[in-house]
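For reference, the chain that follows is the form predicted on its own, supplied as structure tokens.
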Amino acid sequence: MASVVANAALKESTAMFRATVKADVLKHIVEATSTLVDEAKIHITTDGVSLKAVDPAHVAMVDLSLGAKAFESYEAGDLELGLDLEKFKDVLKLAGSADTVKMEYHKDSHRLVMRMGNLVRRVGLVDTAGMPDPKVPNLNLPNKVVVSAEELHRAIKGSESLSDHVTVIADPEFFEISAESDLDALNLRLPKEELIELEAAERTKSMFSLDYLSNMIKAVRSGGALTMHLGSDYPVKMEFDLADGNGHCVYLLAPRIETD
């Protein structure tokens, strides 16, 4: 009997989650993930929270983690929660960016209770049984570029009226994004000395969907930096920090391959 009680107590403890975090951190996580999927399985451990998700077309993937230090308070065991991201975004609209959000998982009702000041919102969770756990492929990409988000935002915004894709080149001496229509063209070329970092063993060239790339780059906050790992006609791996370095987001985006 004692062992049954002990096992029940252990199971209850591992299903616990209680945390306080700045609303802006939660908004950033949801923003970065909802560009690809409507629902996500959140893995919760004593060290923090993480998620991996692939978009329905299997073109792009997000791998996001947030350490316990990103929270103002954090108590958790091993737990999986399924979130409806659109619903979660609506809840977070009730909080200002400077507000804090207190969250607590209620196992009996399978809800996440969120407190924002005197406001309490109970959020129903999604069943995670049918949600996959995608594996992050191990890509050996030859070139690495670290560039300011501001430069990328300008190039992507300028490309949106010209085409549905952009060409990305990494060269030992420069980094370039270009787009063109039948009559017009846009080109952003940043020489090595104007980049935060450039490690290019060879010239690589790939083409990517502008819709996907635009949404991913928008998730990098103003003033931040984006690291891109590139190869010729290979997926691009893009990563950036969040929550003052206590979180990290990685995107993978498959290239568009033109056939004759």
Partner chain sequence: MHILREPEPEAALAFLQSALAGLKEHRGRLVQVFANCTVDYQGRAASTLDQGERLIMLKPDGTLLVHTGEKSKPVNWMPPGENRFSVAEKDGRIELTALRRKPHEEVVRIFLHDVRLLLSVPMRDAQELVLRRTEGDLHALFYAHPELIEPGLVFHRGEKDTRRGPVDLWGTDKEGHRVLVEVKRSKGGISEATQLWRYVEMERNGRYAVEGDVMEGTANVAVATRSGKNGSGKTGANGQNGKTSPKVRGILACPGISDKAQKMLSDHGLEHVAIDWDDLLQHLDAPRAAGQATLGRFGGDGLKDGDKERTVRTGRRRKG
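Numbering follows the first chain given and starts at 1. Nothing here was measured: the structure is a model prediction, and the numbers come from that model.
Quick note: we don't show the form predicted together with the partner chain, though the next part is all about it.
Each of 142, 145 and 158 within 4.5 Å of the partner chain in the predicted complex, by any heavy atom, yes or no?
Spot residues vs the partner chain: no contact at all.
Only one of 31, 211, 199, 194 has a non-hydrogen atom within 4.5 angstroms of the partner chain in the predicted complex; which is it?
The residue in contact is 211.
Name the single residue among 252, 25, 19, 249 that comes within 4.5 Å of the partner chain in the predicted complex, judging by heavy atoms.
Looking at the other structure, the residue within range turns out to be 252.
Is residue 93 part of the interface with the partner chain in the predicted complex - any heavy atom within 4.5 Å?
Flag for residue 93 set to no.
Check whether residue 131 has any heavy atom within 4.5 Å of a heavy atom of the partner chain in the predicted complex, and answer yes or no.
Yes, residue 131 lies within 4.5 Å of the partner chain in the predicted complex.
Since only the chain is shown here, I'm wondering whether residue 60 would be in contact with the partner chain in the predicted complex (any heavy atom pair within 4.5 Å).
Contact with the partner chain, yes.
At the 4.5 Å heavy atom threshold, is residue 68 in contact with the partner chain in the predicted complex?
Because no heavy atom of residue 68 falls inside 4.5 Å of the partner chain in the predicted complex, the answer is no.
Residues in which of 73-81, 147-155, 98-106, 177-185 have heavy atoms within 4.5 Å of the partner chain in the predicted complex?
Answer to the contact question: 177-185.
Would you give me the residues of 220-257 that have any heavy atom within 4.5 Å of the partner chain in the predicted complex, in order from first to last?
The stretch touches the partner through 233, 234, 235, 252, 253, 254, 255, 256, 257.
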